[in-house]
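As structure tokens, the next two blocks hold two forms of the same chain, structure 1 and structure 2.
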Structure 1
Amino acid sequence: MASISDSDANQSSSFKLSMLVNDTRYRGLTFQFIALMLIIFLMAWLGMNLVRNLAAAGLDISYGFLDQSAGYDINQALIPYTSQSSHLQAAIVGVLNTLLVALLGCVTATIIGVTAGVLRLSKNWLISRLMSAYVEAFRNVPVLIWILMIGTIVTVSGGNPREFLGEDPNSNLFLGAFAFTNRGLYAPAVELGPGAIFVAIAVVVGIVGFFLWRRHVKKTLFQSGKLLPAWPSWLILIGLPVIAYFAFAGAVSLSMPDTMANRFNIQGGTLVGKPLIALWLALSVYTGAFIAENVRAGILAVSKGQTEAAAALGLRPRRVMNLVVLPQALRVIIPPLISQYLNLTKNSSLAIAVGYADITATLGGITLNQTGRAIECILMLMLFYLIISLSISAIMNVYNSRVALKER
């Protein structure tokens, strides 16, 4: 039936309106067009309703509130922030907090996930069963429950900061510098003096040198077959900053937590807050369980012959995993891994459950509530999460295309 019209070479001159429905070449487009119109109409209708109802309720859409001073304090701000700062600044604090926990979470979840995924395939009965238990327990319980549970565990496992305070404290700081309390981890803060820039440069050079040496080792191996030792890379990574630290004495110093400042809290130093620790741990172990399954699937997807062939060449099991199996498994692992990173980032919006001030808690919580600008705030939130998710997806897809099988 379709072939009759398809064979018509002269169709442009003999186009009839009825062909839009009767001709298979156009029918699909016609219906898609009608569907598109219906969707546009529906959206416009809903939008108009919204505007009309808002007007009827005496409300309008305006972003003027972003300039007004927020009036509330935030317990963790990576940039300077006081209660007099604007709502916009509070939103930025929230954005940075979200990005911080997402970044930390993705890194830790990957480490946990890869380890657990590999170990679940271990021949050791106990280890593989332990990993199965971990994966099944975390995958099958909602993340909010894990966040609440780990939040509670962190709260009750640490002592009260008051135990560390005063002339004669009930417990002493760990190594004289660390205190794990129910409000978070008190640690020494790094203070930068003159010359700190050189130390910073040394750190960067150390990191670059680390990778350069590793690349050099690989290159010599591939070109001449000679295996150079890998340990000098660690020497470069650690040695350079240490030399710089001593060369520029006083450039970098540590300020210790002060237990004598007042009777409530340890002051000074850095406080890695309990909300951050709890949220970070919860998101990491939860997403790690999913990543473990991805890794396991990826490894199982690599033909067993590869392992056997590598073993036959005399490679040790760790090298077989690192040089033969994992690189091939990555092609299977990375696409679902992108989804897990996205999930972790989006799950961080449950932060308020443990009192962490992420973007949902500041802009979508307190600001929304104080100003009553629900639609404006939610639109901004949606835009933010959309941008973040698309960015993560884009970056990871670039990486994916780099490790993908090159077909020539």
Structure 2
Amino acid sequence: MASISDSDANQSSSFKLSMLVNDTRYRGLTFQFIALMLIIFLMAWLGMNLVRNLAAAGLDISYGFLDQSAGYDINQALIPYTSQSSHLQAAIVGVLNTLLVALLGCVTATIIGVTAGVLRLSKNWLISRLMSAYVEAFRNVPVLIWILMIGTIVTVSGGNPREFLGEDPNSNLFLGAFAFTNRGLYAPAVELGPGAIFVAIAVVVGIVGFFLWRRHVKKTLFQSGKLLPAWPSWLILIGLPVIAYFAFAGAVSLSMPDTMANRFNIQGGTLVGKPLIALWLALSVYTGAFIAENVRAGILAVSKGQTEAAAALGLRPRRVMNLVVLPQALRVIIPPLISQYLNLTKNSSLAIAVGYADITATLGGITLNQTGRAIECILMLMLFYLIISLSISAIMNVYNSRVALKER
């Protein structure tokens, strides 16, 4: 012990400033400290320059404009909103609209991408070539052009609402509940009553129970080789909400589009605007083309011998895909899939091309032009997209770590 203490004392006493550059033990830390100081100095200089220029122009950074009346209408709002609402409420409407189209787009793009990726590997020549044409067409044309093209198609499609009115109006409604007109899609609206919270809890419990049963089936198969049936998971997923729905009668109901209440327009239900439909479709099919390539690459990354070995054990093709191919392909698919979800969310900022009121159109568009608060609005936009992107990355990385293969 005495020798070690003496050695440490000798090293500390022999330390020289020149070792910060010449000694490899300290050189990396030295340059990192210098880089950090330069960044802090640069940011401080930019901040002081901004404040000095704003003061010279008689301006300052203030968010008091958020309490002022917005004075403009929004065509699609998930919360109550009028032109007399504040700019803050207009920004919240924009945030909810962005999250709505991002969520719908990610789900639909995943379905399209997985389907196209699997079909592109089909042995059917026509199907594989059709999927190749779809992927190459959408990947090599900018997303803004696809948004404008699909927006134009959606805008000119659909008939006048009066076409759905008449002596036998319900005969024109798709499934008796949907009507696509030149104003948008009329669809049933969900209305909540007393006891709706218990139905919502039943839905959540059903979803959790679905995945827990699937996990139990997989764990039992790997530990004992016994294959349990998977149908109870669907019974849990559907049965619990159905039981809660009938137990709390009237807690959840549907408001159907009424074609008899008015001679000039369809009443009841909810109207999904055409800008939302156009942006949703455009982002879904565009991002789906990239996801298809990720899925195809993930499946091809699995050795063909794995499939042949599973088939030799007597497993059917569907079980080979679910138990052998997909678990190994997911570790290749998930990381680029995270990037595609982020791209879709950020591409939703092009919504103004079809007139959809997302956060960029409300806070970064009309509010910015009315108030002239460019710095405040842009900072809020940057903060919003940063939080959303980091949240998506965190959630998907957690999922990626769950599905990653664990090596001993």
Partner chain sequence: MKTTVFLGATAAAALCAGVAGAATLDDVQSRGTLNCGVTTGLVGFAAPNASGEWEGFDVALCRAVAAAVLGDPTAVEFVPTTGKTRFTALSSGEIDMLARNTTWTFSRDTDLAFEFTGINYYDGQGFMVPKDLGVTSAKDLDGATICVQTGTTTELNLADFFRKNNISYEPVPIETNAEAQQQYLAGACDGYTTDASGLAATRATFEDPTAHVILPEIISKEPLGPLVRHGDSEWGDVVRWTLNALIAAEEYGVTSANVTDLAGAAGDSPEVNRLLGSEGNLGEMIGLEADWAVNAISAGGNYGEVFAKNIGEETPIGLARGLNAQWTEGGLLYSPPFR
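Just so it is clear, the structure is predicted and the values come from calculations on it, not from any experiment. Here the rigid core means the biggest group of C-alpha atoms that line up within 1.5 Å when the two forms are laid on top of each other. Residue positions are counted from 1 along structure 1's sequence.
As summarised for this chain, the second structure is the form predicted alone, and the first is not.
With the core superposed, residue 157 shows a C-alpha displacement of at least 2 Å between structures 1 and 2. Here residue 113 does not count as shifted, since its C-alpha moves by less than 2 Å between structures 1 and 2 after the core is aligned. When two forms of a protein are overlaid on their rigid core, residues whose CA moves 2 Å or more are considered shifted, and residue 191 is one of them between structures 1 and 2. On rigid-core superposition between structures 1 and 2, the C-alpha of residue 324 is found to move 2.6 angstrom. Its Cα shifted by 8.3 Å, residue 261 is compared between structures 1 and 2 on a rigid core fit.
Core superposition places the C-alpha of residue 236 7.3 Å apart between structures 1 and 2.
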